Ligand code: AMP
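Let's start with one chain on its own, the form predicted alone, as structure tokens.
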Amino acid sequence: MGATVLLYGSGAREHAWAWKLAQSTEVTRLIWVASHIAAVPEKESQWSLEVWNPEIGFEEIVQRAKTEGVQCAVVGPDDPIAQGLCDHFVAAGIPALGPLATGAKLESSKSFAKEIMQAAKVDTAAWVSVTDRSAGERALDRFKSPWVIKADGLALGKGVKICSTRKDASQALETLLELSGNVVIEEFLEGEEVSWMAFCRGDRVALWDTSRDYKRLQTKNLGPNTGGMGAYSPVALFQTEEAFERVRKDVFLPVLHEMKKRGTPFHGILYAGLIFNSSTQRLSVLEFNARLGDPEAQVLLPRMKDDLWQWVMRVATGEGWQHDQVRVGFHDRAAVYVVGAAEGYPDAPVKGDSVSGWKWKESLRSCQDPSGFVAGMKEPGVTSGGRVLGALGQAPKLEEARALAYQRLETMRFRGMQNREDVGVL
């Protein structure tokens, strides 16, 4: 008998999770807890898929998972992790790939993450946490333009405002205070950004390859912040042994040690959003996320050479993780992923439009080169959300992968589709 795994989440990230898990010869049954699945990963060997509606609630999901013999639960999105879904699984005796709610605070509370970094002596931007407008205005006086203003809690990737004028900064302060009740104001840091994921358990860490995402809606970093309009991997500047060792010693290990010291060890995927200033050699943490990034997952998982299921079980149970396993294996090829978003995204995405050109079956077979992943569709060919789909290109060189991704995106069209034209270039 093969393994039964439960996957929670409905986005393109979870679609990539499902596709990669399907490649494991050890996984024969997937229970996918999702509000919609517009495309299903296939595999040549025996494989069964069941879909549960998340509306049945955490307690019912966990009880049914126990009855169905789930060996491990993988929780993709930030909200259910922050709300303690992994706590429910672990309490029921089911290992979970995802941190407990105490670990998820590294993402769900910006001020908490800053306090952890301060205690662990991890470099980050100077910051002030405020809970009211007057304190916020005084804090704005302390920093130079542009101002970085962040909602303290989760905001679906849209809780960060970078403002070049004081008027815009004051408006952002008011808006984000209404959203979360607590706001972090930071100094603006300049440099090259990189998204760095790692499997973590207690004080153990295995680094993934590097990636970079594109948060602004429009080409040349214009428009509002979104959940992510594309990504590529690897990022050549950081893909060196020296960079891996520095990030391991100066970022991940100090934070993991601090969390463990406080009695709240982190088990799961820790995402460090980093920025490097080449003129000063300063490496700083912009943010932490307590799960795999989206859209970074869509370029990283297809490049992963290792068996994902084996890593899931190492992290979730602590068993089988050898001391020399400090890096996750990746293929040498490059990957580029470009999002096609609905008209009106991110504020008011239009739904119900027909999508043409997606070769559903061919794109999702358990192979090394899927053509893309699905997010905002409740059925094949009909849009139902903001980030509808994404096209993926993989090739030996980044330029070739980029050309293939955009070539594939051109075949996947729907009315009013928005996409950036500079993913993999800027």
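Residue indices: 1-based, along the sequence shown. Predicted, not measured: the structure shown is a model, and the values here were computed from it.
Quick note: we don't show the form predicted in complex with adenosine monophosphate (AMP), though the next part is all about it.
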*Do Glu174 and adenosine monophosphate (AMP) share at least one heavy atom pair within 4.5 Å in the predicted complex?*
no
_Contact label in the predicted complex: Glu137 to adenosine monophosphate (AMP), heavy atom within 4.5 Å_ = no
*asked:* I'd like to know whether Ile162 contacts adenosine monophosphate (AMP) in the predicted complex, with contact meaning heavy atoms within 4.5 angstroms.
replied: yes
*Give a yes/no on whether His88 approaches adenosine monophosphate (AMP) to within 4.5 Å in the predicted complex, heavy atoms considered.*
no
*Which single stretch, out of 310-318, 179-187, 97-105, 67-75, brings residue heavy atoms within 4.5 Å of adenosine monophosphate (AMP) in the predicted complex?*
179-187
*Counting only heavy atoms and a 4.5 Å cut-off, does adenosine monophosphate (AMP) in the predicted complex sit next to every one of Lys150, Lys215 and Leu286?*
yes
_If the cut-off is 4.5 angstroms on heavy atoms, which of these, Asp168, Glu245, Glu343, Glu193, is the one near adenosine monophosphate (AMP) in the predicted complex?_
Glu193
*Just one of Ala125, Ala334, Val235, Val122 has a heavy atom within 4.5 angstroms of adenosine monophosphate (AMP) in the predicted complex, so which one?*
Ala125
*Mind listing which residues of 104-121 have a heavy atom within 4.5 Å of adenosine monophosphate (AMP) in the predicted complex?*
Lys110
